[in-house]
Ligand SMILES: Nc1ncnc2c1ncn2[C@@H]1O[C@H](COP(=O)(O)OP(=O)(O)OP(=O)(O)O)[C@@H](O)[C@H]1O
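The chain below stands alone, shown as structure tokens; this is the form predicted on its own.
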């Protein structure tokens, strides 16, 4: 199936599935690699009963499932192509419907303006707000190198590339929502406990 067809299939599956008329709360969680998003999302889930969805995890699960969609996604990634935004949005929508919850943290998404536009077009809702973990680059670098969980992408050259991609792709999304007064910026350079105190203040 060609790239156009995969996006068409995603649109077809998602059409009529917009969440616009349902009382759903979506919070986008953005921050550079090593900014502590994962740790804080786990805390929010525990304290505020949100469902945590990671676009990257959903794509990986779809590949593992061996479905037709999963095989196409895997081929595209292997070929160095970017998975169409509609496909990621379709996976998010499906996960939201299956969760039985009405409050969602969407982690590491939208990665870029195209993702943002696709999400709002297909799901037909805007986020309640964007939780932006703002962390100095040298601190994120230190954390990633220390973490080194056997992840081959945690070496200095790749880490810096990931920072660059985040700055170029995700900052325009943050700026867009900031212009609408929807960004809650958290100083993520502090110890995790202190960061969560600031997060709690936002959700309370």
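No experiment lies behind these values; they were computed from the predicted model shown. Superpose the two forms; the largest set of C-alphas matching within 1.5 Å is the rigid core. Positions refer to the first chain, counted from 1.
Separately, the form predicted in complex with the ligand exists; it is not shown, and the next lines address it.
Taking 4.5 angstroms as the cut-off for heavy atoms, does residue 144 touch the ligand in the predicted bound form? Yes.
Classify residue 195 as contacting or not contacting the ligand in the predicted bound form by the rule of any non-hydrogen atom within 4.5 angstroms, answering yes or no. Although the ligand is absent here, residue 195 would touch it in the predicted bound form, with heavy atoms inside 4.5 Å.
Applying a 4.5 Å heavy atom distance criterion, does residue 182 contact the ligand in the predicted bound form? Result no; residue 182 lies far from the ligand in the predicted bound form.
Interface membership of residue 172, the ligand in the predicted bound form, 4.5 Å heavy atom rule: Answer no; every heavy atom of residue 172 is more than 4.5 Å from the ligand in the predicted bound form.
The ligand in the predicted bound form - contacting residues of 29-45, heavy atom within 4.5 Å: Sequence-ordered list: 32, 33, 34, 35, 36, 37, 38, 39.
Answer yes if the CA of residue 128 moves 2 Å or more between this form and the one not shown after aligning the rigid core, and no otherwise. It does not, since the residue 128 C-alpha is displaced less than 2 Å between this form and the one not shown after the core fit.
Comparing between this form and the one not shown on the rigid core: C-alpha of residue 117 shifted by 2 Å or more? Superposed on the core, residue 117 moves its C-alpha less than 2 Å between this form and the one not shown.
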